[in-house]
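Next up: just one chain, as structure tokens, the form predicted on its own.
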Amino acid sequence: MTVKKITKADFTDLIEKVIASQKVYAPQAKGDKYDFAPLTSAGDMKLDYDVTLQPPKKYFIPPVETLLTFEVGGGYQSQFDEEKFVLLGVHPYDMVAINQIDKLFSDGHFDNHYMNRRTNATIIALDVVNASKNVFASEIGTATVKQGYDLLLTDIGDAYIAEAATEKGAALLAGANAADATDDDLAKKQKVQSDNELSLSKHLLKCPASDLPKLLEKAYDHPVWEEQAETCFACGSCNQVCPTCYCFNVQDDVNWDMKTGERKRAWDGCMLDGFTKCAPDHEFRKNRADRFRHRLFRKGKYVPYKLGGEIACVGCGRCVGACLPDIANPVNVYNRLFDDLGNG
């Protein structure tokens, strides 16, 4: 592991050089919000952002992607995105989400399309500078991250402490005008991370996150699901902005020539009507309350079972801001369940 100190001006110069050689995606201003987008000038990156509208998972699982092209009655050709790119400014909670999806898409049926993009990416993670109004990463244990990234930046005021965790990160850092980090620099980095582990808590969870699977075991028939679903629009916004949601639908589209076509997959979500529809026109979670419950069970029980206890909510708070009737906040639901069932 290589740890360097780099001034913000020198880091900007480094990113300008990187832009000249490969695609870079970074958080940029979008009105009074922020979002990841292709970076054409290092001066446009906003590394003091609070939270982005969409999570950076979109560069590994695109909203719509072509899996293969085919000829009707003939052969097919798998399609892979081979472009190498740098993903800059990934907050720790989003890095944790990417790490989770890495495990899910490489275990069992290995997803070559996802893993190909993941291999081609160089990820520069970034410790949070400004907390968003709905973040609760400290409650989940995702305010800092120790793995998955190639390079980790920590803003210490006049400079960044840059930790290269992989050969790709070290190669990137080798092109910078950087100095070895001193003990004082490392102490400043540790203070930023220690503060974030405590302060990214705009919504307080009443029980340890590790207790959620056990809590949900008692909550399947709790009235909260029906109560919350009464005002749910079933719009799926909470799914679409979630960094740990990875469900998709697959569809074959035949071109107008009726001879060729494409197989595509697109984001889907458990809150959407029709998500569970199957032959013969059977939908096994047609009721909104069932779908609402499934979303919270998926995050707090089902995926943790697959991942050895990791909660599939990283506390980014995006769903809270995206939900028009203000019912998507998982902390509120889990706290209600804890009040009613936690000691039972």
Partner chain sequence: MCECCTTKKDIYLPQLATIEKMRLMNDTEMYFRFNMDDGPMDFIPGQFVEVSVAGVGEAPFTISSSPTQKDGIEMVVRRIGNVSKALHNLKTGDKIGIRGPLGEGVYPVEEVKGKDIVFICGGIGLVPQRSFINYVLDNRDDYGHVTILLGTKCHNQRFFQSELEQWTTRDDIHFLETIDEAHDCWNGNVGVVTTLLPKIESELASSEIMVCGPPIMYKFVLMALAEDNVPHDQIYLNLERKMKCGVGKCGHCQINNYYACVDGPVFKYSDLGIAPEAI
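Residue numbers count along the first chain shown, from 1. Computed from a predicted model, the values in this text were never measured in an experiment.
Just so you know, the form predicted together with its partner chain exists too; it's not on screen, but the next bit is about it.
Exactly one listed residue, out of 211, 227, 195, 71, brings a non-hydrogen atom to within 4.5 Å of its partner chain in the predicted bound form: 71. Though its partner chain is absent from this view, in the predicted bound form it lies within 4.5 Å of a heavy atom of just one residue from 185, 155, 163, 111, which is 111.
For its partner chain in the predicted bound form, the listed stretch (174-182, 268-276, 123-131, 203-211) containing residues with heavy atoms inside 4.5 Å is 268-276. Among residues of the shown chain, residue 219 is not one whose heavy atoms approach its partner chain to within 4.5 Å in the predicted bound form. Its partner chain is not drawn, but in the predicted bound form it has a heavy atom within 4.5 Å of residue 104. Among heavy atoms of residue 37, none comes within 4.5 Å of its partner chain in the predicted bound form. Although the partner is absent from this view, residue 168 stays clear of its partner chain in the predicted bound form, with no non-hydrogen atom inside 4.5 angstroms. Within 4.5 angstroms of its partner chain in the predicted bound form, the stretch 302-329 places a non-hydrogen atom from each of 302, 305, 306, taken in sequence order.
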